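Each of the two blocks below gives one form of the same protein chain as structure tokens; they are labelled structure 1 and structure 2.
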Structure 1
Amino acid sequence: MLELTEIRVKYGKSVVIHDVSLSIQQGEIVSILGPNGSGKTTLVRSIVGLTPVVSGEIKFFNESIQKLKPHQIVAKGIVVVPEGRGIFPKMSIEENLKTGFMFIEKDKNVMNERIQEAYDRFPILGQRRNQLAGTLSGGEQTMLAVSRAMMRKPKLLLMDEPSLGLSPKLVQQTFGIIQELNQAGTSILLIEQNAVKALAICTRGYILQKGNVVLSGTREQLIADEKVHKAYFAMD
């Protein structure tokens, strides 16, 4: 459904993504692993049009999208859980949820249903619906960011380091939700540093280093790979 063909991204004069190609098929969880500064977040920004690509092509359902504006791209069915969660701190929880819906879809009844679904899933959000989102703890903000992303039942969900800064228990819970969403039919592109967790749930993966894909394959292939094993699992 999403296909990146040899995309190149520059900040100023320096190339931060070197002709990267990758793809996600319907129903997959694809993870992109890599250390800080390897270009993971830039990749997400390029997919949604916030950082322009210099060359290459990005296709979503066989339609070229790299020339579109961000709001046009996300309207095609892509939803992002941004790095650092990206909630709006001075809006109430309920308003934050609405922002995930109202700018693309119209039906108010559906919106209220989805808000209710979010409150059913995370009762704490419902209890605090009128509280400013900036007052939530890190874990609660993650619940809010994920719930906001689910407001539109996206075809493709891009998650940029959802586990960052969370307690192990919350990481577990977050990854549980990711799997649940996937089983409900959402394809997921999961950007992670936490390779152990990501490789536990993904179908395929890419390993990014300094803006290059150095390795890609199915979950099993990656886990079996000696370099991956050394880098990520040797400590376990």
Structure 2
Amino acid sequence: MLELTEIRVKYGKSVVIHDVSLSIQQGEIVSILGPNGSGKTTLVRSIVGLTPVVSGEIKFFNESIQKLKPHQIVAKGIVVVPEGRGIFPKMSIEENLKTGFMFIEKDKNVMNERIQEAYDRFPILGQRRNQLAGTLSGGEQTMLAVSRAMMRKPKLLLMDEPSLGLSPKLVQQTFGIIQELNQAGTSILLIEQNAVKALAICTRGYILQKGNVVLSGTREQLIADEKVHKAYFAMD
């Protein structure tokens, strides 16, 4: 579905992504794990065309996309739930959802159907549709960010640190949402620091350090790896 082949990304003269290769198949949840500063968010930005790729290739369904503009990549079916959720705090829930529909279709009936789908998935959003997004709890904001992304019916959903800053209870809820989306047919590339939770739900994973993939494998392989266990599970 998505294939990155030896991509390299620079900020100024500094190489921040070093010849990274990875892939995701339809139906998978693939996790990219690593500490702060490992290059995870830069990798997401390169996939969606926000940070130029210096070399290498990014293919989506066997079509090169690394030279496309961000809105063209979104139109292909790749949508991001950004780090920090990226909602518009001074707009209502419903207004936020409508921004997720912009630039793709002008059929208001379709837009309203998708808004209703969001309310069916998360009834609390429907109950508070006129409430300002900035007044929602962290968990509700995550529901809104996911719902806005799903307005585009993405083939691939990129989720950048969805559990960041959430309480343990809301982290559990967020990962439940990710599983539900995947079970409903959405493929997910999950960028996370919370390796324990991410490895509990993913199909496969990659561990990134200083812009390099240092380890990859199935969920079971990564959980069983001594270095992974020591780094992420020893204190769990």
Partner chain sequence: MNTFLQLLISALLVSSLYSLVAVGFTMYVGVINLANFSHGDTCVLGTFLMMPLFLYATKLGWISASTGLVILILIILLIFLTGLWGAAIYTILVKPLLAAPRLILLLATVAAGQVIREAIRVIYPNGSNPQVFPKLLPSGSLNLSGITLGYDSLTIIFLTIICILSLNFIIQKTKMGVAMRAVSQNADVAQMMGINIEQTIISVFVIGSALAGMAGILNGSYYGITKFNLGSNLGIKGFSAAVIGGLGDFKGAIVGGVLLGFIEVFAAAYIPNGSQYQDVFSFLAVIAFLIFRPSGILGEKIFEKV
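Residue numbering: structure 1 sequence, from 1. Keep in mind it's a predicted model, so treat the numbers as computed, not measured. What we label the rigid core is the largest C-alpha set whose atoms superpose within 1.5 Å from one form to the other.
Asker: Of the two forms I pasted, which one is the form predicted in complex with its partner chain: 1 or 2?
Answerer: It is the first structure (the form predicted in complex with its partner chain) rather than the second.
Asker: Does superposing the core leave Leu156 with a CA shift of 2 Å or more between structures 1 and 2?
Answerer: Shift of 2 Å or more: no.
Asker: Under a superposition restricted to the rigid core, does Leu136 display a Cα displacement of 2 angstroms or more between structures 1 and 2?
Answerer: Superposed on the core, Leu136 moves its C-alpha 2 Å or more between structures 1 and 2.
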